[in-house]
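Have a look below at one chain only, the form predicted alone, in structure tokens format.
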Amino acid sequence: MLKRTLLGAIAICALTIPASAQDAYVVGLTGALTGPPSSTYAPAVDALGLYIDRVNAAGGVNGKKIQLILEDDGAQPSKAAANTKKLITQDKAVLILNASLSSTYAPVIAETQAAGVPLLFASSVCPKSVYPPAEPLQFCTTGFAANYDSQATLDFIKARAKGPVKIGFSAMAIPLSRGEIDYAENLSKEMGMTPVDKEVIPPPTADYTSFATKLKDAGPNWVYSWAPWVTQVRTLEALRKLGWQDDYVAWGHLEAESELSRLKDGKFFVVNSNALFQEALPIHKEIEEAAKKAGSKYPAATMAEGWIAGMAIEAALKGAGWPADPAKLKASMENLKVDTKGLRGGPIEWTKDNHFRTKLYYRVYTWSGDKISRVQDWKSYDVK
């Protein structure tokens, strides 16, 4: 039996699905499947493959299979551009997915816009271009998103803090992470907090000590990081090694559930828009069974983002009918509502002007005693 891996997924698709675009819906993905940031993206891409495999095994969509073609860009913009061009011109993909760092966005957007092909950000952060009034060809299913995440995080900090907040910030030196932390810094001032330091850390950094030292010496009682997991957690660990023991809050990426258990740090909080698998919902059991059956090398707890993207793709293709082209698919995506079955606090709903969702929900988790605990249940924000 074939064991499922990210590269193996391509081989499996080639074996089971006809290569001709006339026989299948072709969906192409460029993603950071290898390299340091891959822990945030690769499990989601594998989960997407599992979902598509399941759809195909059940007869496909509108009686046609989905051909999912994966291309690794290693988080390099030039590779992402080449991948996207190849997927559109050679493979004739009707939909492109980006599952990589925001540094890849500009070239991928340029290629999809030139070809008139819809672009779905899936496991990569939702850019503001999908918010109302949305760019016509850009959509996003990912749980984390610019501006709203910082609003939710700073609201949590303000409610949780027992006194004046002196806040430090940590970002990765990529466009959206840097931009979001700039936004959070300004917002913190409006909310009566005092920003004391902001560290923007290059992606290939091996030793975070110097950045953590600057943060610690600035005297924060809270630190907020919004970046790929590697930057978030290594900043935290470096601060702890230096003896800083105050409160740290980060975005709850795919790694969050296992990392909360590993670190067992009661002053480390993760803000999530996905329900952690410890909630043991029926949909969680469904994903766990699919991952086990396929022999996935990734924990099921890292797969929610990919599963949700698969749900949205299936619904969009169903609405587009057969044969589908980019224009039909775009029209279908502009009128879409996807029941996330508890993986999120509510559905993903897209309209002509809103390609993100109409309402966002956030939970906050930490380690408490001998288990992961909720410290804030779903809190909603309207997307306008």
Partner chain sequence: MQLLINIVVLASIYALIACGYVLIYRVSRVLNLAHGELMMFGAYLVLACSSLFAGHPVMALCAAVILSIVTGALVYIFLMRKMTGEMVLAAILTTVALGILVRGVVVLVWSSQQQYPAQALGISNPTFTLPGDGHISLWSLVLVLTNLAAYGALFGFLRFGRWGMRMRAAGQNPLLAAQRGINLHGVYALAWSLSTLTGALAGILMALDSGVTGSMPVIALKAFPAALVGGLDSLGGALIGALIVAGAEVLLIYYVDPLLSDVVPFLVLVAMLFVRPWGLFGTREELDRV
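C-alpha atoms forming the largest set that superposes within 1.5 Å between two forms make up the rigid core. Numbering follows the first chain given and starts at 1. Quick caveat, the model's predicted, so the values are computed rather than measured.
This protein has a second form, the form predicted in complex with the partner chain, left out of what is shown; the following refers to that one.
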Is the partner chain close enough to L317, V338 and N354 in the model of the complex that each of the three has a heavy atom within 4.5 Å of it? no
Answer with one of T194, T209, N147, Q278: the residue that has a non-hydrogen atom within 4.5 Å of the partner chain in the model of the complex. T209
Let me know the one among I287, L137, M311, V230 whose heavy atoms come within 4.5 Å of the partner chain in the model of the complex, would you? V230
Looking at 257 to 265, 147 to 155, 270 to 278, 183 to 191, which stretch has residues with any non-hydrogen atom within 4.5 Å of the partner chain in the model of the complex? 257 to 265
Closest heavy atom of R234 to the partner chain in the model of the complex, within 4.5 Å or not? yes
Heavy atoms within 4.5 Å of the partner chain in the model of the complex: does N221 have any? no
With heavy atoms only and a cut-off of 4.5 Å, decide whether P164 touches the partner chain in the model of the complex. no
4.5 Å heavy atom contact, T302 and the partner chain in the model of the complex: yes
Hey, which residues along 243 to 258 are within 4.5 angstroms of the partner chain in the model of the complex, non-hydrogen atoms only? G243
Using the rigid core as the reference frame, would you say Q278 shifts its C-alpha by 2 Å or more between this form and the one not shown? no
Do you see a C-alpha shift of 2 Å or more at T205 between this form and the one not shown, with the core held fixed? yes
Determine, after fitting the two forms on their core, whether M172 shows a C-alpha shift of 2 Å or more between this form and the one not shown. yes
